[in-house]
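Below, in structure tokens: the form predicted on its own, a single chain.
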């Protein structure tokens, strides 16, 4: 079975981290996000993953030089121009010759949904497409999905006002599709699957949906990317990974609490690191305090960072005190 994974986004919300590394290749608890996702697909019987790449294909080639990720064969489909979600799915599927039931996943989610069960649900209903749905506390911030008791999607409600709908489940970014869905997507045409294709399928009564209450998080913002890391080291999820990467150097006097230290990172003497992620290769000097921060670059001695995001080539000066800042500031980058 094939799976198409959408990895063509610009990662705007996660800048400056994504200025140097595509979002799906950022590590989550010292394993690339894409590897987490593809490993999950492998448990459902996926044998080939098609990466729908919109820009910067080279980092993906370099990350997986053998064309294999988590034991699964990779097929690269590099769009000639941005084609939106439906256009990207169609381009990738056609590029790989997909001609049977296939799975689609957004590349910026972490979830524990049983994909094999989603495929089983899809086939049992004879659907043309099936969505995975996840519950949210505040549906007014999302586009929610209304489903009848037989599992068929009735309508989509974008950012509903109070009382507009009883639904509290949203599109979770994983789909099972029949190859006939590709006929709804003109060749090399920019098209949204959420705004155009799915509503058309609802009108024809061929789009199903399976809600679950599994772990799910959109990793595309600094706060959620940070949370997805911490969730893999503190028992929030059934899978627990190491919080300290190989070849990292942590001074004996440093205090590390509920944090992830990446491979080849350096943490100096007297540092206090709380609820933070120090990414691979980052350097943190002496007596630095990090709290709820993401660090990819260099932090000099005696600095203090709270709720900050530090890019790969950034250098935070000695004694700097930063709160809720991104360095460099993405708004100032052309």
Ligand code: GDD
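This is a predicted model, so every value here is computed, not measured. Note that the rigid core is defined as the largest set of C-alphas that superpose within 1.5 Å between two forms. Numbering follows the first chain given and starts at 1.
One more form of this protein exists, namely the form predicted together with the ligand; it is left out here, but the text below deals with it.
Checking 158, 183, 100, 166 for any heavy atom within 4.5 Å of the ligand in the predicted bound form turns up a single hit: 158. Scanning 170, 232, 115, 197 against the ligand in the predicted bound form with a 4.5 Å heavy atom cut-off leaves one residue, 170. Heavy atoms of residue 295 never reach within 4.5 Å of the ligand in the predicted bound form, leaving it off the interface.
Using a 4.5 Å cutoff between non-hydrogen atoms, residue 76 does not count as a contact of the ligand in the predicted bound form. Remark: residue 83 counts among the residues lining the ligand in the predicted bound form, judged by a heavy atom distance of 4.5 Å or less.
At a distance threshold of 4.5 angstroms between non-hydrogen atoms, residue 142 is in contact with the ligand in the predicted bound form.
From the list 100 to 108, 224 to 232, 240 to 248, 256 to 264, the contact stretch for the ligand in the predicted bound form under a 4.5 Å heavy atom rule is 100 to 108. Along 188 to 224, a non-hydrogen atom within 4.5 Å of the ligand in the predicted bound form is carried by 194, 216, 218, in order along the sequence.
Relative to the superposed rigid core, residue 222 undergoes a CA displacement smaller than 2 Å between this form and the one not shown. In this overlay on the rigid core, residue 142 has a C-alpha that sits 2 Å or more away from its partner position between this form and the one not shown.
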